[in-house]
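The chain below stands alone and is given as C-alpha cells, in the form predicted alone.
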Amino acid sequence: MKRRNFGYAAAAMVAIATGAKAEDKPVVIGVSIPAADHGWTGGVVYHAQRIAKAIEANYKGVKVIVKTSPDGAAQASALEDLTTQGITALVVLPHNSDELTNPLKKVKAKGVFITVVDRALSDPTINDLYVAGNNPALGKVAGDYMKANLGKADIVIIRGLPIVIDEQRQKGFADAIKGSDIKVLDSQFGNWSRDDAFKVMQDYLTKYPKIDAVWCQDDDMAVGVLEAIKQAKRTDIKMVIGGAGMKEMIKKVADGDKLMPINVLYPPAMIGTALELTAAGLVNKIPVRGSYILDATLVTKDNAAEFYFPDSSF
C-alpha cells in the first residue's frame, strides 16, 4: 500500500522545529547508508548528517548514529554494530537490497523499527516504513518526453544496477515509449557510475553510427555519457536524459543546453525525510507506517531555477 504521507512529514518537521521531547526511555536511531562513492550518495551522506544534527538538537533524549559503508559486506557489519548500541529504529539505504535482506531480518527480530530508503528490499515485510522517489515515474517521465519530442528515433539506454529500482525505472520507461516510433538499439548497465557509463557510451558510439538520444537512469552516468559524446565529436545525438537533480545538470537545463533539455528529480534529501518521519513516529506517536513516495518532477528551462541549489553537495 502506497501512501503520500504529506501530513505526517509536515508534522515531523513541525515537531523538529518546536523541539519536541522524547519519552524518558532513550531513543536511538541508527542510520546506515553507502559511503559517498558518487555524487548522489554524496548528497545522501550530506543530508543524513545535516538532519541527524537537527534531530538531536531539537528532540531531547534522541540520539542519531550515522554510519557509512563502502560496500554491502561492510554495511552488514555496520548493522551488527548498530544493534549492539541499542538502537530503537534503523534508517537504512541498502548498498544491495538482496545482500542486506537477511542482515535486516536479524535487526527486525530484535524489535527495531525499520525504515528503508530508496532501494526496496526483496522482502518488503521487513520494513515498517519505506521512503523513496517514484522510480517507475522517473522512467515514465523521461519516456513520455522522448515520445513527445523525438518522433521516429534510434536510442540507447544505460541502466543502473541489476536491482529492484532499476527494474522499476526500466519498466516505466519501456511502458512510456510503447507504441511509438522509438527503437532501442542497445541497453547495458552503467552501475550508476560516470566512469562505467563513459565506457558503455564509448562502446555505443563505436557500434552505432547514428544515435538520436540517450536515456540513462541518473545524472552521474549522464556526466560520463556527455564526456564520451564530446570526445567522439558526435553531432547526431539530439538529447541525453538523466535524472536525480544534480546541480550541474539542473544548471544545464536552466541555461537551455541543447543536449540536456530536461531533468527528472530523484532527490538524495529523501534520507532526511525518512529520518524526520522515523523520529516523529517514535517520539510523537504519529502513524508513519507504510510508504512515502516522492514525485518524479519534470524539470524544464521554465522551472529549473526552483530546483537549483549552487551550494549543495549534489
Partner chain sequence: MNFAIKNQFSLKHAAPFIALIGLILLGSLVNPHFLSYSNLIQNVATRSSFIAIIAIGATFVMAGGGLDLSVGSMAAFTAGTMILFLTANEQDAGAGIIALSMLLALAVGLACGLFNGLVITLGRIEPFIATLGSMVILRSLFTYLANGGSLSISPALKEIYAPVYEGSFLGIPIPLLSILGVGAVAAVLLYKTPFGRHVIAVGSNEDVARYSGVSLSRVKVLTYMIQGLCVGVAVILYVPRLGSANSATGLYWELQAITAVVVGGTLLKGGQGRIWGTIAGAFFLEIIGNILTLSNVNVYLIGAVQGVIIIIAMLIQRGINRR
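Numbering follows the first chain given and starts at 1. Just so you know, these numbers come straight off a predicted model, no measurement behind them.
There is also a form predicted together with its partner chain; it is not shown, and the following applies to it.
The chain is drawn here without its partner chain; in the model of the complex, the stretch among 206-214, 102-110, 81-89, 115-123 whose residues come within 4.5 Å of it by any heavy atom is 206-214. Shown without its partner, this chain lists G160, G133, G224, G172 as candidates; in the model of the complex, only G224 has a non-hydrogen atom within 4.5 angstroms of its partner chain. Distance criterion of 4.5 Å from any heavy atom to its partner chain in the model of the complex singles out G39 from the list P34, G30, G39, P267. Taken together, the three residues T273, E276 and K285 all stay farther than 4.5 Å from its partner chain in the model of the complex, as judged by their closest heavy atom. Though the partner is left out of this view, D186 does reach within 4.5 Å of its partner chain in the model of the complex, counting heavy atoms only. Within 4.5 Å of any heavy atom of its partner chain in the model of the complex lies no heavy atom of T235. Contact check for K147: no non-hydrogen atom falls within 4.5 Å of its partner chain in the model of the complex. Residue contact check for R194: one or more of its heavy atoms lie within 4.5 Å of its partner chain in the model of the complex. With contact defined as any non-hydrogen atom lying within 4.5 angstroms of its partner chain in the model of the complex, the contacting residues in 212-251 are D220, V223, G224, E227, K230, Q231, E248, given in sequence order.
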